[in-house]
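What follows is a single chain, given as structure tokens, in the form predicted on its own.
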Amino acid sequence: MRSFQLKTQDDSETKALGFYIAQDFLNLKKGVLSVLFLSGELGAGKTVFTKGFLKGLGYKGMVKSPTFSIVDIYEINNFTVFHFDLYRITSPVELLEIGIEEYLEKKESLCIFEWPERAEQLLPFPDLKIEIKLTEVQENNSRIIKFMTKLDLKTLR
């Protein structure tokens, strides 16, 4: 697995990075279940990145954090995106209770997991793993974003 690290200066750069990564990702992963992990502290920018990512996939609506619903579903150009926020999950068993297997069986779909470490033993290995950290000096919400993937993403070349 290759690792890349980039720095964004603010929310708009983080969204733009998500947009471009999504376009690469979509071209490489058509027709199969794809899995993306987003890790980082509360407020690090996981949902900010996801907003840009979904826009890059062609979604035109509003994107919010699914903290209270656990999963939000987006239909985009003949495929489905399941955006999970596992922050409130206290046990992996809770994911079994909401039927996680059904989400993971659907072809032509993408599962985005925020806070995947809360139930990693139940989740498939990710195609793309992203860790987001706010910089030490929190000027304009700058972030260090680390990507780990086997995919050849043009944006990360």
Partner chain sequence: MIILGIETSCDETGVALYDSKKNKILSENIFSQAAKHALYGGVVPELASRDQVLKLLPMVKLTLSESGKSSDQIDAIAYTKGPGLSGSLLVGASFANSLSLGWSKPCVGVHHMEAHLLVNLLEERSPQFPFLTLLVSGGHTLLIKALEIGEYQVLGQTRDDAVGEAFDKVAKILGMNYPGGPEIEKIAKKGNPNSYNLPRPMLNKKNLDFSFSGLKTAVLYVVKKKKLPLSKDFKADIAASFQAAVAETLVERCKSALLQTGDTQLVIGGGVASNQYVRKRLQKGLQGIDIFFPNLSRCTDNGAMVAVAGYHRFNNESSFSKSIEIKPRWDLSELNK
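Positions refer to the first chain, counted from 1. The model shown is predicted, which means the values in this text are computed figures rather than measured ones.
This protein has a second form, the form predicted in complex with the partner chain, left out of what is shown; the following refers to that one.
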Report summary line: Residue within 4.5 Å of the partner chain in the predicted complex by heavy atom, from 97, 117, 105, 108, is 97
Query - residue 125 within 4.5 Å of the partner chain in the predicted complex, heavy atoms - result: no
Report task. Report whether the minimum heavy atom distance between residue 87 and the partner chain in the predicted complex is within 4.5 Å. Result -> yes
Query raised in the report: Is residue 67 one of the residues lying within 4.5 Å of the partner chain in the predicted complex, judged by heavy atom distances?
Result: yes
Report task. Find out whether any non-hydrogen atom of residue 101 is located within 4.5 angstroms of the partner chain in the predicted complex, and reply yes or no. Result -> no
Query raised in the report: Taking 73, 134 and 141 as the candidate spot, are all three within 4.5 angstroms of the partner chain in the predicted complex by heavy atoms?
Result: yes
Requested in this report: Select from 40 to 59 the residues with a non-hydrogen atom within 4.5 Å of the partner chain in the predicted complex and write them out in sequence order.
Outcome: 41, 42, 43, 51, 59
